[in-house]
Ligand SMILES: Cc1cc2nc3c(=O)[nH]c(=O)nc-3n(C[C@H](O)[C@H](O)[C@H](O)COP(=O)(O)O)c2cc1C
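Only one chain is given next, in structure tokens, and it is the form predicted on its own.
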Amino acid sequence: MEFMNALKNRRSHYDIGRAVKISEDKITEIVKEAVKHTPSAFNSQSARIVVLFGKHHDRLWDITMEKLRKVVAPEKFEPTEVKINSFKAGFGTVLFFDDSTTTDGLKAKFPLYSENFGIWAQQANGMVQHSVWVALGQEGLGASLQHYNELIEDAVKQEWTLDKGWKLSAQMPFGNIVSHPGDKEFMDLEERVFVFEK
């Protein structure tokens, strides 16, 4: 039941802050353990993770703000600015990448499955994202999943000298929970889960 409770407690927290009671080292260890024990097709382990704290976290959201100013009309920018500042108000950000070199190598090694490796890599990355999200939630931290990928990817790789073969898939700002989201609505499970018994 502990696992199920962890799943239930995972929510999208947008109102986050920096009054975090656990250390950066502890958070880093949590992320590492979540990444290590998340499965991937052919044990490819193609997910690459970057954890940003302090000025690095701030810089990420400054870059995102700068890029958005170029594509959002000035008269419509205020809500965007509020949203980005809410992410920046957090304690840190986890960046999720896929190492395309690893994925492409598997395509060449196993041509029979070559069309599937990109899909499997995305699925594995999604599982890593969920694992990290739930693990952070277990420590009382709030997080959300963001996707400014194409807009910021090149600038992010340049800023932190990351491998050009890495493909950015998501950003997860996290911090202490300032306020909780409202109740979540669920579809009737009879419309989502189908069971055939003997």
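For clarity, every value in this text was computed on a predicted model and none was experimentally measured. Residue indices: 1-based, along the sequence shown.
Beyond what is shown, the protein has a form predicted together with the named molecule; the following relates to that form.
Contact with the named molecule in the predicted bound form, judged by any heavy atom within 4.5 Å, is made by just one of L145, I63, V134, I49: L145. Residue contact with the named molecule in the predicted bound form: S179 places no heavy atom within 4.5 Å of it.
In the predicted bound form, at least one heavy atom of R11 sits within 4.5 Å of a heavy atom of the named molecule.
The named molecule in the predicted bound form is approached by K184, whose closest heavy atom lies within 4.5 angstroms of it. The partner is not drawn, yet in the predicted bound form one stretch among 54 to 62, 34 to 42, 146 to 154, 159 to 167 has residues with heavy atoms inside 4.5 Å of the named molecule: 146 to 154.
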